[in-house]
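Single chain ahead, written as structure tokens, the form predicted on its own.
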């Protein structure tokens, strides 16, 4: 009886050792990796005048606006009264400077699809839907007088750009 008391724990230990040590199975479910982007088209909070001016300046010049220039531009916006008219005047003023960092019209026409995608990422912080992309590509290709400035203006004064 004394030796059988030692055999049971040994058999139990051996059972645990062999049943617990199995090779891990590599299970694949056929799921493809996909990069997912947040839908930023559903923006609900309107940008303040300072936010709009600051973000617009950064989008056009690729550098942040100085506090002094922001203050002066805000005063111009406040003096005009109508926010949409003021934003268009600020935008027009920015386009009349030589330090803008925007592509040339020939660069836009060389690869319209890439240009449209860059505009959406630059201004709306998202990728365009296939419908949006197709619309802009067709519009730019069928209208030879459309310039980068016109497209940037359309994005900058759009309702979606007014919100974040």
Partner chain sequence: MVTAGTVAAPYILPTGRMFARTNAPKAEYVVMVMFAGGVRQQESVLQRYLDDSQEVTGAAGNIMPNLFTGIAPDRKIVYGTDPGGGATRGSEPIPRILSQSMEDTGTVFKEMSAISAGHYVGLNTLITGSLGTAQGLKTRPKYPTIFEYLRKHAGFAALDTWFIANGLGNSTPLLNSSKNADYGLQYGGNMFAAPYTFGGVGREILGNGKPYSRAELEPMYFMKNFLDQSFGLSVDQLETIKNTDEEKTKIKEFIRAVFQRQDQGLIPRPPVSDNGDAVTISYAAEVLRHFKPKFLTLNMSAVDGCHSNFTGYLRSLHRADHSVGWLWNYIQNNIPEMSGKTIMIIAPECGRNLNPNPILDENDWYAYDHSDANAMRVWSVMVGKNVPKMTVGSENNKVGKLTDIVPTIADIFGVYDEVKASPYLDPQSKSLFLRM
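Values in this document were obtained by computation on a predicted structure and should not be read as measured data. Residue numbers count along the first chain shown, from 1.
The form predicted together with its partner chain is left out here; the points below concern that form.
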Of 28, 96, 106, 32, which residue is found within 4.5 angstroms of its partner chain in the model of the complex when only non-hydrogen atoms are counted? 96
So, a 4.5 angstroms cut-off on heavy atom distances: do all three of 51, 55 and 62 pass it with respect to its partner chain in the model of the complex? no
Contact label in the model of the complex: residue 127 to its partner chain, heavy atom within 4.5 Å: no
So in the model of the complex, does residue 122 come within 4.5 Å of its partner chain, heavy atom to heavy atom? no
Might residue 132 be said to contact its partner chain in the model of the complex, defining contact as any heavy atom within 4.5 Å? yes
Just to confirm, residue 157 within 4.5 Å of its partner chain in the model of the complex by heavy atoms? yes
Along 134-152, which positions have a non-hydrogen atom within 4.5 Å of its partner chain in the model of the complex? 135, 136, 139, 146, 149, 150, 151
